[in-house]
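Here we start with a single chain on its own, the form predicted alone, put down as C-alpha cells.
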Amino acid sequence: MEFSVKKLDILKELNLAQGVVERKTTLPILSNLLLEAEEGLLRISATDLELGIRCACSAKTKKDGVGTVPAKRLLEIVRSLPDAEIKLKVLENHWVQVTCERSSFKLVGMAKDSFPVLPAVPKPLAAIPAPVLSNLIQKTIFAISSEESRYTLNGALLMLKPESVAMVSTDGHRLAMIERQIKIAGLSNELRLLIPKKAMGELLKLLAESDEAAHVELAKDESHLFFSVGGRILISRMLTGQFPNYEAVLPRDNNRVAELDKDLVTAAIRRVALLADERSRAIRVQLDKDKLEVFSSSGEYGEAHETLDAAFTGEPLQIGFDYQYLLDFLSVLSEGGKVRLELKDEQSAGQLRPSEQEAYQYRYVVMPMRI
C-alpha cells in the first residue's frame, strides 16, 4: 500500500477515529487503525469491540492495499507536520513509513488480518436531520447513569414515530426528556433504540463535523446500531434490556411554579455551591412571594445564602436538591432565557423546563434531597 494525502484531510478523520480507539487494552490491535487505500480513496477504521467507526478522505493512491498503524502515534505525527502532502507506505514486516517534506517516520504496524471485521451496514430504517439529533443528545446525555451495574440506564432511549422524535435518559435520581414534532423519512411505525452513552458522545463529534442540511441514517441488525452521516459510519453494540417506565415518574400536578432568569439562577447556584457539602452536594431552595432563596452549609467550610427575584405567588415551600443536577440542566439551555421551576411539595420530584418552548418540548425531572 502506498498513497499520499493532504494533511488537513487526513487529520480531520484521524481526530474523529481517535475517540473510538481502545487505549487500555489487552488486544494490541485495538490500539491501531485499519487503513485501506483504493481508487483515490483512503478508508480509516477503528474499533474497541463495543464501538466502531469508518470514515474516509480522498487520496492519491500509488498502490492499493491495506495496513494497520498505531492510532495515537499517527495522529501525533500528522498534527506535528507542516500543512503539506503526506505520504504513507507499508514496508516489510507491517511497518508503515510516513514522510512529509523533510520529515520521515517508520511506525511498527501489525498484520491486517488480526484487525476485527466491522459488520456490514444494513438497509436504513429512518433518517433524522443532523441538527435535530445533535440537540436531542446534548439535552439528555448528562443524565445517563455511569453505574455499570445499571446496564439499561447506561444509554438514552431514542423513540422515533412517523411524525415525531423523542429522547429520554435517566440515572434513577433525575430524568431528561426532549421531544420534537417532525416528519421522519422512511418510517411507518414506532422505532425504539437504546443508544449507549459512549456512542452518543462520538456521534456528537460526527454531527459537529456534518453539514447543517445533513441527515443521519439509522439502521440496526440483531446486535448493532448504525449511524451514517456525511460518508462516515458509527457502529455501536446495542444495549439490551428494558428501559424503565419513565412516564410513571413524570410529575402530573406540580402547581407551585416559579419563573426565573436562567443566567441569574445559574450564577447564584454556582456561588452558593462553593460552600456546599462536597459529598452530598446539597443546597436548599426556598420559594416565597416573588423571591427565591438558595442556601448551602457545610461543617467544614461555612454557609452561603443568596436571594433572587422570582415570579412566584403560591404557598411558601423549601426543598433540597443536588446542585450539580440543577447546573447540568441549566448549562445546556440557551443564554438569556427564562426557566420554570415546577414543584408540588418537599418530598415530590421537581420539574424544570424552559419557559418558552417552540420547536422542542424539553423537561427535566429531579428527585429532592432531605435537608
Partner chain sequence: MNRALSQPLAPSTQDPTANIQPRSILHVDMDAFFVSVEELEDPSLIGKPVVVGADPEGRGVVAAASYEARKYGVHSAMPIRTAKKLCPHAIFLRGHHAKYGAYSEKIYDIFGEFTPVVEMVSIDEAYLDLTGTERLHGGPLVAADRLIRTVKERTGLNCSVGASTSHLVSKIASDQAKPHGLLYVFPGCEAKFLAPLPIRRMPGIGKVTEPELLSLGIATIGDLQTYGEQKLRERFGKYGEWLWTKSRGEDIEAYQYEEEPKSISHETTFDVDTGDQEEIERTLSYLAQLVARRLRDHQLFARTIGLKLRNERFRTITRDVSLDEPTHLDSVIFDIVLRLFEQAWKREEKIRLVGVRASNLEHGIFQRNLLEATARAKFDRAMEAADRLRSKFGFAAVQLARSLEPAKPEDKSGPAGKRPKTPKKREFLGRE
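Everything quoted here is computed from the prediction, not taken from an experiment. Positions refer to the first chain, counted from 1.
One more form of this protein should be noted, the form predicted in complex with the partner chain, which is absent from this view; the next part is about it.
Listed stretches are 287 to 295, 160 to 168, 184 to 192, 142 to 150; the contact stretch with the partner chain in the predicted complex is 142 to 150, by a heavy atom cutoff of 4.5 Å. Among residues of the shown chain, L175 is one whose heavy atoms approach the partner chain to within 4.5 Å in the predicted complex. Proximity of F312 to the partner chain in the predicted complex: non-hydrogen atoms within 4.5 Å are absent; the residue sits far from the partner.
Under a 4.5 angstroms non-hydrogen atom cutoff, the partner chain in the predicted complex lacks E342 among its neighbouring residues. Contact annotation: P196 falls outside 4.5 Å of the partner chain in the predicted complex, judged by heavy atom distances. Think of it this way: in the predicted complex, the partner chain has a heavy atom of just one of S80, Q138, S280, Q97 within 4.5 Å, and the residue is S280. Interface residue among A208, A267, A111, V249, judged by heavy atoms within 4.5 Å of the partner chain in the predicted complex: V249. Looking at the partner chain in the predicted complex, residues V5, I10 and G40 place no heavy atom within 4.5 Å of it. Contacts between 317 to 334 and the partner chain, taken as any heavy atom within 4.5 Å in the predicted complex, involve D322, Y325.
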